[in-house]
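Next up is one chain by itself, shown in C-alpha cells, the form predicted alone.
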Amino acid sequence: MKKNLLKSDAVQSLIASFLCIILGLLIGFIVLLFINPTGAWDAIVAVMKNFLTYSRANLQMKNFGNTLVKTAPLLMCALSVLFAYKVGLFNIGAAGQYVAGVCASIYAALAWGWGWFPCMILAIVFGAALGAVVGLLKAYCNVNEVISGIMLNWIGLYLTNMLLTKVKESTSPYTLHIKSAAPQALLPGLGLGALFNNNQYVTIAIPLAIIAAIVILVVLEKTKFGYELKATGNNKNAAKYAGMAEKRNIILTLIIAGALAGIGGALLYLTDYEQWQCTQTSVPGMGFNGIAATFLGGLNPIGTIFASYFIQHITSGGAYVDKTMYCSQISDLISSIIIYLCGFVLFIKYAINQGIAKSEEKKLQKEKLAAAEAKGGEK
C-alpha cells in the first residue's frame, strides 16, 4: 500500500513541494543567522505568519484578503506557464503578456472610460497577441520561445510605460486611481469584500482565477483538443504523422497562454489595489513567480492554486520582517530562495521514482533468489 501511494504522481508532487518549502525556509534561516542571529527566528516566523502577525481578527481577515487579491493574478500567470509547459513549450514570456494585459485594461479604463468587462476582454486580446507573436516565430521560423519571450517582455514593458504616461497623475509617475477616475472599470465585489472586513479590493477576480484553473484541468485532461496539444508537445513529428496540425497547435497554445497571463494583469489592476508606475525599469515579478508556482504545484492546475497562494503568502509575509535588524531587501531574499527551490520539484519526483525502481529491483532479486533456493532444496 505504501509503495502504491509513493507511485502516485499527486503524492510525489506533495512530498516534493513540502521538501522544497522546508529546505527553502532552512536556507533562509541560515542566511538570517549570518546577517544578525538575534532576530533570525522572529524574522522567519514573520514571513510564515504574514497576516497572522496581527492579533485582531478583523485586521487578520482584511490582510488575508489583500494576499488573496495578489494571488489571483499570480495564479493566472502560473496557469499560463503550465498550459504551455504541458504542450512542451516554456512560456517565459508570461511576464510580458501580463504587462500587456495591464496596459490594455488600464488604458481602456482611464483613456476610453470602458467598463470592467470590455477592459478584461481587451487585456485577453493584448496578452494573446503577444503570445501569438512567440507562437508564430516558433512554428514558422523555429525561434526558441524562451528567446523571443524574453525579448518581448522588455518590448512590452517599455511600450506600456510610453502608452500609460497619457493616463498618469500630473505630479507623479503613477497612473490615475481607477476608483476615482474610472469607477465603472472596477471589478465587482459581489459581497466578497464583506467576508474580509469590508476589504474593497477583494473582488470576483479570486473565484474567476479558480474557475480558470478548473477549466484548464478539464481541457488538458478530458478533451480531444487537450490530447492533441499534449501530443504535439511530446513529439511534433509524430503528431504531424498522425494528422495533427502541429504548427497550428503550437500557435494556439501560446495564444491561450498569453490570454491567461493577460487577464491576470486585469484581475489585479482593475481592483485599484495598485497603480502602474510609468518609470518602471524592470518587468514585474508576477510572471516569473508564476513559473515557480507551476512547478511547486506539481504541474497540476489544482495544485497550482495552492502553490500560488503559498508563494504570495510568503512574499507578503516578508513585509513584516523587522527592518531595524535587516535591510528591506531581506524579505525578498527569503522569498526568492524558496521560489528558486520550487524549480527542483521535478528533480525530487525523479529521485523518488528512481528510489522506488531500485527498491523494487532489489525486492525482485530477493524473491528470485528465495525461489531458486526453495527449488534447490526440493531437489
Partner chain sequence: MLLLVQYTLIFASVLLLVALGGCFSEHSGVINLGLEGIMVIGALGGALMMRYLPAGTSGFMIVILTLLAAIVFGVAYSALLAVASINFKADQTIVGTALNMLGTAGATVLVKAINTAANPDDVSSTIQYIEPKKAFIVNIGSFEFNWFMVVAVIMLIFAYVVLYKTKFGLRLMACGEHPQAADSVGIDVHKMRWAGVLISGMLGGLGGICYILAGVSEWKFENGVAGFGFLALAVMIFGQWKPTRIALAALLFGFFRALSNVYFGFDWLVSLNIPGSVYNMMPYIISLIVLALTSQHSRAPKAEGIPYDKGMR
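We call the rigid core whatever largest set of C-alpha positions still superposes within 1.5 Å between the two forms. Numbering follows the first chain given and starts at 1. Predicted model, so just to flag it, every value in this text is computed and none were measured.
Just so it is clear, the following notes concern the form predicted in complex with the partner chain, a form of the same protein that is not shown.
Only one of Y174, W112, F117, Y158 lies close to the partner chain in the predicted bound form, with a heavy atom inside 4.5 Å, and it is Y158. Shown without its partner, this chain lists N197, Q275, S148, N300 as candidates; in the predicted bound form, only S148 has a non-hydrogen atom within 4.5 angstroms of the partner chain.
The partner chain is not shown here, but in the predicted bound form it comes within 4.5 Å of a heavy atom of F344. Taking the partner from elsewhere, Y54 is found to have every heavy atom lying beyond 4.5 Å of the partner chain in the predicted bound form. Proximity of W41 to the partner chain in the predicted bound form: non-hydrogen atoms within 4.5 Å are absent; the residue sits far from the partner. By the criterion of a heavy atom within 4.5 Å, I121 is excluded from the residues contacting the partner chain in the predicted bound form. For the three residues V143, F288 and F295, a heavy atom within 4.5 Å of the partner chain turns up in the predicted bound form in every case. The stretch in contact with the partner chain in the predicted bound form, judged by heavy atoms within 4.5 Å, is 149-157, chosen from 95-103, 149-157, 181-189, 68-76.
Within 4.5 angstroms of the partner chain in the predicted bound form, the stretch 84-118 places a non-hydrogen atom from each of Y85, F90, I92, taken in sequence order. Core-superposed comparison between this form and the one not shown: the Cα of S55 travels less than 2 Å. After superposing the rigid core, the Cα of K349 is displaced by 2 Å or more between this form and the one not shown. The Cα position of K236 differs by 2 Å or more between this form and the one not shown after fitting on the rigid core.
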